[in-house]
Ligand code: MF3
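The data below hold one chain only, encoded as structure tokens and taken in the form predicted on its own.
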């Protein structure tokens, strides 16, 4: 069921979203060669709780950590462990934070030291694909308009669009209706209305789009071993457009 959020709910989601943004900012200086993904996870949980937030991913359907830390060919849901980041890696940090029962969700891909041009290209155009989708968020448009905008941009830059994973509605739950795919046809799907909140999250690969899941039941990797990037924002549909509830903060 798709829910229209009240002003009170939107304000709580703004606060949850800003907690996500602040946590990303807090973690960025620590993303260097030599730190483990488990150490990043510990830093994130402590910081989130210090703000009065709840690390929603921890315990969700048995997920063991606060963050998803997806390195290089891991597309999503990389479980923090003892892997030490190396110069030349890219890492996506995806987090969901709850505040007074409402959720904020954002994923950004980061460089570790100096990365090659292919990874820079992948990151640049995955983030731009996200914003192409965001441009389509306004009352009267449909989910297919978002999906098609992401797909068209990504494929015009020769990037693979992962189809097994998608964005989603968000509110009191991390995942709500509607699903928000990264590929599709203009003019089809759920119509956007003021007060809806959705997450748009392109997951793109530098190679082919095909993926597989590890036996841990979470980690999703590219079949061909090519790097993947993932950018996500929580977006409110407003009267005449949209508001990003998880803005980047300096």
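If you're wondering where the values come from, they're calculated on a predicted model, not measured in any experiment. Positions refer to the first chain, counted from 1.
Keep in mind that the form predicted together with the ligand is missing from the display, and what follows is about it.
Taking the partner from the other structure, the ligand in the predicted complex has a heavy atom within 4.5 Å of a heavy atom of residue 218. Using a 4.5 angstroms threshold between heavy atoms, residue 175 counts as touching the ligand in the predicted complex.
The ligand in the predicted complex is approached by residue 201, whose closest heavy atom lies within 4.5 angstroms of it. Contact check for residue 122: every heavy atom lies farther than 4.5 Å from the ligand in the predicted complex. Against the ligand in the predicted complex, the set 63, 77 and 96 is in full contact: each member has a heavy atom within 4.5 Å. For the ligand in the predicted complex, the listed stretch (135-143, 167-175, 154-162, 114-122) containing residues with heavy atoms inside 4.5 Å is 167-175. Contacts of stretch 41-59 with the ligand in the predicted complex, defined by any heavy atom lying within 4.5 Å, are made by 57 alone.
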